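Presented as structure tokens, the chain that follows is alone, the form predicted on its own.
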């Protein structure tokens, strides 16, 4: 069984082919980072235009790299939610056109779900496990009991962690994307700023929720004093973020008695987060699993593999299926139709 995956949820145009017997046959990603740098973030209309320009060449290369014919695929998987709607529709439209032309089934995939199961391309993790999702648009905790059996524990109430990194980097004039820049710069700094750890302690209903807007505002107030070196601001900010992520994640792992934590999304590439969570989890007898760096950022390999898992369960959709800009992963699976 061969599944073609298409990913266009934000600013990467990607296509990949996963084979049930041979594994990942191809994984092509066309990045728009250089284009969006001058905006300090993703400019939606520009992203959509680039997707339109890149989708056919990316698909063509994915098929050629896989060494197969397009007609050899068994189904077309696509990112259906969440994301920039103007970007999602490009990938969804391409998937529908291909499926119609080839008379192949359509398999919708949730972007966060794909990030979580990307780890399975390299190693299997025993269920149930805890998933920490950290990216530019998401900061969430889920209990993954099985594929399509997800329990939502909490998420961000305002800025996602990756978004906070980008905004702090902009305050410091460091460029875009902020995550890798701050991660690298922080190694040269010291923790000289006293910054808050939002929602680390407080109301029970926010036990597994996150908030980074207050932390971001605190960094802005401190930087306006012109007292600190950029590397010290970066170090102090990153330590506050990692403290919150690690403490809440481990608290959830203990409460739900899970022995594996899967970290997913672009911020899972952060070196400090990897170092601290791995070390602290090990003390509790818990295994923290991080994907390889190429699977941290948006890609279609994760979409193709997750689409494979869904197709094996016989779940497909019709041509009337529409993308969703915002929908939680656990709610998304309830939308899916089961074929006769």
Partner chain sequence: MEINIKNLNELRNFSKKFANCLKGNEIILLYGNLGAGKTTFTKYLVSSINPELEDDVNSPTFTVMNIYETEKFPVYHIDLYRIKDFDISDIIGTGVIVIEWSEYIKLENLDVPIIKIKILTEGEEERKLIIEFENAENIKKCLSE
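Positions refer to the first chain, counted from 1. Given the structure is predicted, the values throughout are model-derived calculations rather than measurements.
This next part talks about the form predicted together with its partner chain, which is not shown.
**Q** So its partner chain isn't shown here. In the model of the complex, which residue out of 200, 157, 190, 97 has a non-hydrogen atom within 4.5 Å of it?
**A** Here the answer is residue option 157.
**Q** Please identify the residue among 184, 151, 227, 221 with any heavy atom within 4.5 Å of its partner chain in the model of the complex.
**A** Comparing distances to its partner chain in the model of the complex, the residue within 4.5 Å is 221.
**Q** I'd like to check something about residue 45: if you look in the model of the complex, is any of its heavy atoms closer than or equal to 4.5 Å to a heavy atom of its partner chain?
**A** Looking in the model of the complex, residue contacts with its partner chain include residue 45, since a heavy atom lies within 4.5 Å.
**Q** Would residue 104 count as touching its partner chain in the model of the complex under a 4.5 Å heavy atom rule?
**A** It does not: once its partner chain is placed as it appears in the model of the complex, residue 104 has no heavy atom within 4.5 Å of it.
**Q** Examine residue 167 and determine whether its closest non-hydrogen atom to its partner chain in the model of the complex is within 4.5 angstroms.
**A** Output for residue 167 is yes: heavy atoms within 4.5 Å of its partner chain.
**Q** Answer for residue 22 alone: is it within 4.5 Å of its partner chain in the model of the complex, judged on heavy atom distances?
**A** Result no; residue 22 lies far from its partner chain in the model of the complex.
**Q** Quick one: find which of 229 to 237, 114 to 122, 248 to 256, 169 to 177 has residues within 4.5 Å of its partner chain in the model of the complex by heavy atom distance.
**A** This holds for exactly one stretch, 169 to 177.
**Q** Heavy atom within 4.5 Å of its partner chain in the model of the complex: which residues of 237 to 256 meet that condition, in order?
**A** The stretch does not touch the partner at all.
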